[in-house]
Every structure is written in structure tokens, then in C-alpha cells.
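Take a look at this single chain, the form predicted alone, given in C-alpha cells.
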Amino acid sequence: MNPNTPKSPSFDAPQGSSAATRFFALVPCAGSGARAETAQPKQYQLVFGVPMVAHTLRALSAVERLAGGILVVAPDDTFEWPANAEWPDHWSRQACGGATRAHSVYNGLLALRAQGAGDTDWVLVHDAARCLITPEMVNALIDACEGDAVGGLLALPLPDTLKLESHGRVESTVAREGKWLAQTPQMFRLGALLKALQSQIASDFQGVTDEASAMEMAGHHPLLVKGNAMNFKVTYRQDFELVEAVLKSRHTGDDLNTQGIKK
């Protein structure tokens, strides 16, 4: 299926108890990734034969507990989804991306709601450029957060010495104890996250660097769930070489064909 003309899935209310909740994925994909210095938006850069974001969607769509998901792209996005990167079932491509990540996520939440997702359903927001995510990492986040009143995010305790800079020189060394590197997915109830982001519209989402920061501004304290160092965000050109090496180590022989990747 070519997501340039997708048929948006309808997320009907779950069967049985009205209290049943579901899990949805939302992948903001409207940025340009200028620091990667690629000829096209970095999410569409070929990695191991397919666009990087295709690896991200493949991993998320393999999480059985996810009822579906959306890829939020820019309104003027004309990228043609290649035939060798299978489009996942129960996913749609929504051309409602904004000028910032926060704006894209906000619009994506509205799109999910329009398709039938409820305010009590969980939404897992994941970076398109964290293409080494695995179903196991996602399931660990769901296991940790589904009974939590707020929700949470994958993150790693800061491993390195942290320096405070001033005019290109070290101003001081900052204690790393208690400091974590935020990753994604970040998992919150649709209604709560939408409300948190909505309260920041007037400031043009100033200071909202991720979904957890929006929830913090609303007075919540998201749960930190230990992630994995492999779940890094591709940011610079050299990151692509590492990603490709990891993916090659994960897939060999016939497994490449079952993953929809051409050898």
C-alpha cells in the first residue's frame, strides 16, 4: 500500500467493556534533519536498502499490543513509499505535520482521535530517527507504564561526565547523578497529553522538547523506564554507518526477505 494515498484505518471502540484501553503509536516525521547533512529529509535516507523510517515502522508494527499507528508528515511531503518497504497494516500517513515536533504531535493526536482513538487510550510517541527500536523495548515500556497514573518514557542514566560550557570553554563539571537521557517511545494517555500540549499553544510550544516535558509543565511526573543504548537517535551523518552495521548484524539470509528488505 502506498501511504501517499492511504485509506485511514478507523479505530472503532473496543469490544466488550467500555473501560478497555488500547495502545497506539504516533511517529512525527515532518522534520528535515539538517544536522544529518543528507540530500533529503534524514528519515527518508536509505539504510540497508530502505528508508530509515521504514525500519522504525517495521519494529513498531511488530508489537502485537499496538492497535495501530500514524506517521505524521509535512503537508507538502511528496515522498513516494518504495515497493520494497512494506507499509504496515493498521497504520496511516497523516499530512498534518507542524513547524515543530510538538506541533506535529499535537496534530497527530487530533488525527488519532478523529480516527476513533479515545482519550483514555495510550499513545506511544516515537522518533522516526530511532530506527533501532525493537518490539522488546516497546513491550518493556508498556509493561512498566500501563498501570501508572501518568505514563512514562524510555531513558538511560547519564553515563558520561557532563560539562557546562561558557564561550567555548568549560565553566564547570555538572554532577551526573540523577540525570537521565530521554529516549522514545514516550507513553501517555491521549487525552492527558493532548491537554498538556494544548496548554502550550499560546507560547508556540516554547520549552516543549518532548512529550514528557509537556507533561511536566502540566504538573505531572512521568515514570523513567530504563531503555537501551542501541535506541539512539540518528542525528549526524556518521550515525548512519553505525545504524547500517547494527541492522546488518540483526538480519541475515532469508530473514532479510521476511523483513521486506531486498538483499
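Heads up: residue numbers just count along the shown sequence, starting at 1. This structure is a prediction, so every number in the text was calculated from the model and none was measured.
One more form of this protein exists, namely the form predicted in complex with cytidine-5'-monophosphate; it is left out here, but the text below deals with it.
Participant: Is residue 100 part of the interface with cytidine-5'-monophosphate in the model of the complex - any heavy atom within 4.5 Å?
Facilitator: The answer is yes: residue 100 has a heavy atom within 4.5 Å of cytidine-5'-monophosphate.
Participant: Does cytidine-5'-monophosphate get within 4.5 angstroms of any non-hydrogen atom of residue 58 in the model of the complex?
Facilitator: No.
Participant: Using heavy atoms and a 4.5 Å limit, would one call residue 121 a contact residue for cytidine-5'-monophosphate in the model of the complex?
Facilitator: So residue 121 does not count as contacting cytidine-5'-monophosphate.
Participant: My question is simply whether residue 128 lines the interface with cytidine-5'-monophosphate in the model of the complex - judged by any non-hydrogen atom within 4.5 Å.
Facilitator: Answer yes; at least one heavy atom of residue 128 falls within 4.5 Å of cytidine-5'-monophosphate in the model of the complex.
Participant: Pick from 172 to 180, 86 to 94, 159 to 167, 101 to 109: which stretch has a heavy atom within 4.5 Å of cytidine-5'-monophosphate in the model of the complex?
Facilitator: That would be 101 to 109.
Participant: Only one of 54, 212, 70, 30 has a non-hydrogen atom within 4.5 angstroms of cytidine-5'-monophosphate in the model of the complex; which is it?
Facilitator: After the contact test, the surviving option is 30.
Participant: So cytidine-5'-monophosphate isn't shown here. In the model of the complex, which residue out of 65, 233, 220, 195 has a non-hydrogen atom within 4.5 Å of it?
Facilitator: Spelling it out, the residue with a heavy atom inside the cut-off is 233.
Participant: So which residues in 184 to 202, when you check cytidine-5'-monophosphate in the model of the complex, have a heavy atom no farther than 4.5 Å from it?
Facilitator: None of them.
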